[in-house]
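Coming up is one lone chain in structure tokens, specifically the form predicted on its own.
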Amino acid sequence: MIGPAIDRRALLGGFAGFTAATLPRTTRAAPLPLVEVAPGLFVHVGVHQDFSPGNRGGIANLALIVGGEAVAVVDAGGSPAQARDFLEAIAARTDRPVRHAILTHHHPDHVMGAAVFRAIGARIWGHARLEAALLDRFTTYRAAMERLLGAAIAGAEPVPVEESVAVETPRRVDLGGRVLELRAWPTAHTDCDLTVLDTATGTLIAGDLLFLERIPVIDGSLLGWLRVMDELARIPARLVVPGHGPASAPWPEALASQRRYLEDLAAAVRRAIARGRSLSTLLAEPPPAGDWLLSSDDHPRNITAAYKELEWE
């Protein structure tokens, strides 16, 4: 954790003179594939894996939205290496400038490539609490990613959030005849979740407020996430891009599996607490996680988070 004596803006802005050319190259990966889920809205689908040198941190979905004058990306990738490949994929689709990089929350698979986008002049958008979350965790994340990804993480730095979005005050971004609606949420998956609605196509980019196929991970509040999902479902979208899973899915039907998992988790943990079972006992015989991918590690983590939250409700 970064101590209070450090100048927050100096730390965040210290690499402002970087250019894309100064960021170290790593071994070339295959071209970053993009799926056009709606006109002018492209998604790179992250792999259902843990972090590894082979995937270079590319385990989350990334989105590209092309307007009449500018481009926005939603999430920046799990490493500078992946971010550079994302930029090359963008250049193959459009010659419009990338002016906005919108970060849905602070987890490393979504933000570790952000310095690459800031270096080319993109403005960084995020939840009003995102900058503090980045500062609190970036040093730890960076050390972990150096161990897990190797050279791909070279050049990763925390970025200042130049345009913040408060829970009470949604913001709009005009890409030139194409308006994005940015909304910050109370604590749910994390304490700094942000969604993006592409009004031109009725597509909601949900970040990790929605997991499909890969098991949801609680790093905020189980009950808060369930409450947020109720409100999310009322957003008048046609399609959703999840933070993990397929490129798009029908909305709001896509919420059903995640809602069922989180509700079942809450019910199982409440029953255990009511019967006087300790957390260690519950973890020794965990309730079923269903058919979610990568559940062997993350389901016990969710039980722990749920138990700590529900123990004193």
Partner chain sequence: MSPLPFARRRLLVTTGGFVAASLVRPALAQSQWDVLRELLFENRPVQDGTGLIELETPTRAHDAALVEVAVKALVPQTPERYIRAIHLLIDRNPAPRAAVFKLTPATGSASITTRIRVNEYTPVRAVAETDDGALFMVERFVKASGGCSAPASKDKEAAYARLGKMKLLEPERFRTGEPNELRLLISHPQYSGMQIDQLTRNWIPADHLETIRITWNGEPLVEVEADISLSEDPLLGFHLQPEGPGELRVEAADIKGRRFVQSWQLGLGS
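Residue numbers count along the first chain shown, from 1. Owing to the predicted nature of the structure, the values given are computational and were not obtained by experimental measurement.
Below, we turn to the form predicted in complex with the partner chain, even though it does not appear here.
Peer 1: Quick one: find which of 62-70, 250-258, 34-42, 270-278 has residues within 4.5 Å of the partner chain in the predicted complex by heavy atom distance.
Peer 2: Partner-contacting stretch among the options: 270-278.
Peer 1: Does W125 make contact with the partner chain in the predicted complex, using a 4.5 Å heavy atom cut-off?
Peer 2: Although the partner chain is absent here, W125 would stay clear of it in the predicted complex, with no heavy atoms inside 4.5 Å.
Peer 1: Against the partner chain in the predicted complex, would L175 count as a contact residue? Criterion: heavy atoms within 4.5 Å.
Peer 2: Judged by the heavy-atom cut-off of 4.5 Å, L175 is well away from the partner chain in the predicted complex.
Peer 1: Whether A144 contacts the partner chain in the predicted complex should be assessed with a 4.5 Å heavy atom distance threshold; does it?
Peer 2: Yes, A144 is a contact residue.
Peer 1: Under a 4.5 Å heavy atom criterion, is G155 part of the interface with the partner chain in the predicted complex?
Peer 2: No, G155 sits far enough from the partner chain in the predicted complex that none of its heavy atoms falls within 4.5 Å.
Peer 1: In the predicted complex, does each residue in the set V196, L223 and E263 place a non-hydrogen atom within 4.5 angstroms of the partner chain?
Peer 2: So, no: the whole triplet misses the partner chain.
Peer 1: Counting any non-hydrogen atom inside 4.5 Å, which residue from A151, L135, I90, I235 sits next to the partner chain in the predicted complex?
Peer 2: Answer to the contact question: L135.
Peer 1: Quick one: from V217, L239, M229, A184, grab the residue that has a heavy atom within 4.5 Å of the partner chain in the predicted complex.
Peer 2: Partner contact (heavy atom, 4.5 Å) among the options: V217.
Peer 1: Enumerate the residues of 96-117 that have a non-hydrogen atom within 4.5 Å of the partner chain in the predicted complex, in sequence order, or give none.
Peer 2: Heavy-atom contacts within 4.5 Å come from H105, H107, P108, D109, H110.
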